[in-house]
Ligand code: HEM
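Below, in structure tokens: the form predicted on its own, a single chain.
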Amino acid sequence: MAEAQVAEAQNVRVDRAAARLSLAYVLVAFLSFGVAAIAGLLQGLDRGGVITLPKWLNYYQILTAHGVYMGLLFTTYFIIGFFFSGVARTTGGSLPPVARRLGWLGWWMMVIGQVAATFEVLAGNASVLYTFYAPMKASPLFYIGTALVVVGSWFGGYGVFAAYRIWKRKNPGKLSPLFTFMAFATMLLWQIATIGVALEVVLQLIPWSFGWVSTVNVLLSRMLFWYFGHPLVYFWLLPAYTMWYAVMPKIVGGKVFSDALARTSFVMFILLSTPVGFHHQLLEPGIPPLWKFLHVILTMFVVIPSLMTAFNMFAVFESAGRAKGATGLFGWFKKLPWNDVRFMVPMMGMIAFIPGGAGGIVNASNQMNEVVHNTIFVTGHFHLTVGTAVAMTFFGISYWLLPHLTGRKLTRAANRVGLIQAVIWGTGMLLMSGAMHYMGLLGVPRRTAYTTYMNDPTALSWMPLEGVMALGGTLLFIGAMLMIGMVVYLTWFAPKGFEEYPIGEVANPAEATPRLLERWPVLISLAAVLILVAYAYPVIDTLQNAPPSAPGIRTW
């Protein structure tokens, strides 16, 4: 491609209609993030014994709000908004009208569902955490609201699929743009994963919460939830991977190391992310050990695409550094743009993902899981992967995405504030997540409010670490408020101008990418076979030899 064509491709701007849709999703994402941050601060201070919540607000209420708003709403809105913008950017600058219509329909469904679920959480009718864990029973409106959020996100995915298919029809025989491929793959994974939670909510929880049936099959409900619950983590991670693979090379002045490697890692996630859910239920009765062991093995295979991603990114960084004249084994490290918030913030997330991934292997292992199961170690792992790797990548994206969508500039002052925000957030997460990991190894349980267990000496010895956790949570709240301030500034108050939407070029476009990587009927069939192997017998066994069902309970 001639230099002029490259420059023209890099200056493609997301048009106003697509920008408006993308912005609508991203802004609701950060509104949800702000609410979740307030709930998280109160939760951390209460658990650390620093404050006592008023009688009208209980710990499990804010735990549910924090989980739903941060884990489900912030991430899902941001991911769909990010993907709509990137698909428009890499397919010519606009979205087809049908994609926009589907996107707006999904947005409205999600907002209506969010309002309904929020009302029930505030009313104290839904302190069931965000895991829909029967036999804890919420009100019907909470389940209907969260179901609307999920169904709305499906329509967001349909919009991405429509844009992808229309581009393919207009460009027969061509490989789709890497970003668009990754958006398609991620939303496909989401469609497959949410089948489980949709079945749980629609067939079990809603009829049960209305009182149409008196009891619920708890084992089946948890199977269906974890069918969804672990691929949910990859739904969070793959947009971060999309940024790392497709955007980061441009920011560091390098090129995408391998188009084929990038697409292969995403295909592996589609195949392997769903049939792994039983590793969350290793200590639960009713599931034969053979099937738990199978899920452990499949979970370990998911490590492979993450290692491929790490290899790819270090290859990008090293080649970019050496192209700038770096010498020596690690000389390229100094050539990276450490003062650029677009690089520094996601890079901190990447670094955090290394111990986060190691913790995931601990959780998924039969023996090591025995040590940390249902301890706050799991919460620490969750915050290190999603709260750091994913969230910091989303922050880094926002610093160029928002000004690009609103026709503004990322100023030098905003860049500096962004770096400060990242340090505060990273330090807070290091303290909080580090304390959680260590406390988990000591046996401190999770999902419990502040308690000294009747002043038991062992429980009292945990209190200094609870204080560290509360300090980390406070820093995280400060970092969250700074981020909200940056979102407001970059959306409405930064100087007007043009901020590029960085998209990396492939290092060697002549190297052919296998066409199999876009043969979706074949790939979806393979995924379905793996899911049937992993789940068909246990689900049938649970239905035929159902354990005693449970009535609903309110633990709050």
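Heads up: residue numbers just count along the shown sequence, starting at 1. Computed from a predicted model, the values in this text were never measured in an experiment.
Separately, the form predicted together with this ligand exists; it is not shown, and the next lines address it.
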Exercise for review: State yes only if every one of 70, 447 and 473 has a non-hydrogen atom within 4.5 Å of this ligand in the predicted complex; otherwise state no.
Suggested key: yes
**Study point:** Interface membership of residue 234, this ligand in the predicted complex, 4.5 Å heavy atom rule
**Key:** no
Exercise for review: Report whether the minimum heavy atom distance between residue 321 and this ligand in the predicted complex is within 4.5 Å.
Suggested key: no
Check your understanding: Does any heavy atom of residue 504 come within 4.5 Å of a heavy atom of this ligand in the predicted complex?
Key -> no
Review point. Any chance residue 130 has a heavy atom within 4.5 Å of this ligand in the predicted complex?
Key: yes
Exercise for review: Considering this ligand in the predicted complex, find the one stretch among 425-433, 114-122, 340-348, 261-269 with heavy atoms no farther than 4.5 Å from it.
Suggested key: 425-433
Practice item. Name the single residue among 291, 477, 158, 104 that comes within 4.5 Å of this ligand in the predicted complex, judging by heavy atoms. Key: 477
Point to revise | The unique member of 275, 152, 403, 387 whose heavy atoms fall within 4.5 Å of this ligand in the predicted complex | key: 387
Review point. Which residues, if any, of 365-391 lie within 4.5 Å of this ligand in the predicted complex when only heavy atoms count?
Key: 376, 379, 382, 383, 386, 387, 391
